[in-house]
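Just the one chain here, laid out as structure tokens, in the form predicted alone.
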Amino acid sequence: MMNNRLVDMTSEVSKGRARVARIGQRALVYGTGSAAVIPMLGLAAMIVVLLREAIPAIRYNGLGFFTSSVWTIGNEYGTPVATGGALHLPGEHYGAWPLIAGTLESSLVAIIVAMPIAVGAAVILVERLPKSIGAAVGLCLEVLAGIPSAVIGLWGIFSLGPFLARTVYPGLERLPNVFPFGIFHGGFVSNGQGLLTGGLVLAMMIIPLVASTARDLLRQVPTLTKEGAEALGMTRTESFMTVQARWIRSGVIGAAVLGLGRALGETIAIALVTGSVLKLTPNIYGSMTTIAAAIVTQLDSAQGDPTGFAVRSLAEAALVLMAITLIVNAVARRLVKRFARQTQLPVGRDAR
């Protein structure tokens, strides 16, 4: 009798555990599924809201929005008129080409400057410095990555910009006026505000992100593979290019895209150090702005438009910025997949 009761109790406990396991499995499946859907719903909601606001501006501005360099709210005291179903002020016209060009130019400067510095810093941290010093420098990188962009922008306008204008830019202007050094000719302002300063500030924001990622990837490279490459006659440089570089390149590309996304969408820092001028820059030192910075600096005046058309044009600019970001991410995903498939760790002098 006692044995039967024990068997029954054991059976009930087993059934209870199986029931709990099934419930936990369902909760895990549904919970992770919901977590995966939420970001997509958020992205879709943003696109829908921006489209709803921007459709009148898209109809009125047309393709001229991408080619024109004129950005004016028009006559605020005039009688609103309707064109193509869009109510707007007389003389109101919006051309985003300077904003688009400024966004791409500043981000390009940032990536060109940041990538070699970030990857080089990661290699030194992992391959050259003692672990104690490398850990301290790595901590500084992580702290730098967490500094708010407003603080970096203030540093850029009060310290970096004037320093570059006093000591660096005069030297760059003395370079031969031939390709590619010709871009450094054209004059700069005394406080250093402009495209090049903005790109360098963005580079300062990207470097910690890329360097930290590259450092972590380098630490995951199999030690035996590196030692085997050197044992077969490779120099340390050849070993790095053949083994470590192939191992980390897809991850570094992904980190570069994350940094580029931050550069494309940066607002306050760019607004502070570039001059926030809604026109094409005549040279690499010229004042300019980006889409994100223009949205922030123009939103207050746009809200003074009684027709709301200025805000709708800013929504159209935001759609353009979102499209640029999505295109960059799509291209980067293809590159990452391509390099990931090609990732091999050959050993030997002839392995390239």
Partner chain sequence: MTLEAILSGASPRPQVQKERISRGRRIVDRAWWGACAISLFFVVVPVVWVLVSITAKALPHWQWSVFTENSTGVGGGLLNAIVGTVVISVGTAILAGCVGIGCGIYLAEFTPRSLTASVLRGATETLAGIPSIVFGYCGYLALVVGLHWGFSLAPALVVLSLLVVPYIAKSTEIALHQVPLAYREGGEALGMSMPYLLRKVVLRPALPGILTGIILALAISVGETAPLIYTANFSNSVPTGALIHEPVGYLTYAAYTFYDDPIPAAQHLAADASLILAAMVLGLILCSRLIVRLTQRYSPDRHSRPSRAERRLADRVGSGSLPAPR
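Rigid core: the largest C-alpha set superposing within 1.5 Å between the two forms. Everything numeric here is computed off the predicted structure, so don't read it as measured data. Residue numbers count along the first chain shown, from 1.
Below: the form predicted together with the partner chain, not depicted.
S.K.: In the model of the complex, does residue 305 have a heavy atom within 4.5 Å of the partner chain?
M.R.: Judged by the heavy-atom cut-off of 4.5 Å, residue 305 is well away from the partner chain in the model of the complex.
S.K.: Would residue 79 count as touching the partner chain in the model of the complex under a 4.5 Å heavy atom rule?
M.R.: Output for residue 79 is no: heavy atoms all beyond 4.5 Å of the partner chain.
S.K.: Is there a heavy atom of residue 237 no more than 4.5 Å from a heavy atom of the partner chain in the model of the complex?
M.R.: Heavy-atom contact with the partner chain at 4.5 Å: present for residue 237.
S.K.: Is there a non-hydrogen atom of residue 67 within 4.5 angstroms of a non-hydrogen atom of the partner chain in the model of the complex?
M.R.: No, residue 67 stays farther than 4.5 Å from the partner chain in the model of the complex.
S.K.: Select from the listed residues 86, 165, 123, 257 the one whose heavy atoms reach within 4.5 Å of the partner chain in the model of the complex.
M.R.: Filtering the options by heavy-atom distance leaves 123.
S.K.: Taking the partner as it appears in the model of the complex, which of 249-257, 145-153, 219-227, 92-100 has residues with heavy atoms within 4.5 Å of the partner chain?
M.R.: Result of the contact check: 145-153.
S.K.: Heavy atom within 4.5 Å of the partner chain in the model of the complex: which residues of 321-335 meet that condition, in order?
M.R.: The stretch 321-335, when checked against the partner chain in the model of the complex, contributes 321, 322, 325, 326, 329, 333 at the 4.5 Å heavy-atom cut-off.
S.K.: Relative to the superposed rigid core, does the CA atom of residue 63 travel 2 Å or more between the shown form and the other one?
M.R.: No, the C-alpha moves less than 2 Å.
S.K.: When the two forms are laid on each other by their rigid core, does residue 43 show a Cα shift of 2 Å or more between the shown form and the other one?
M.R.: Yes: residue 43 shifts by at least 2 Å between the shown form and the other one.
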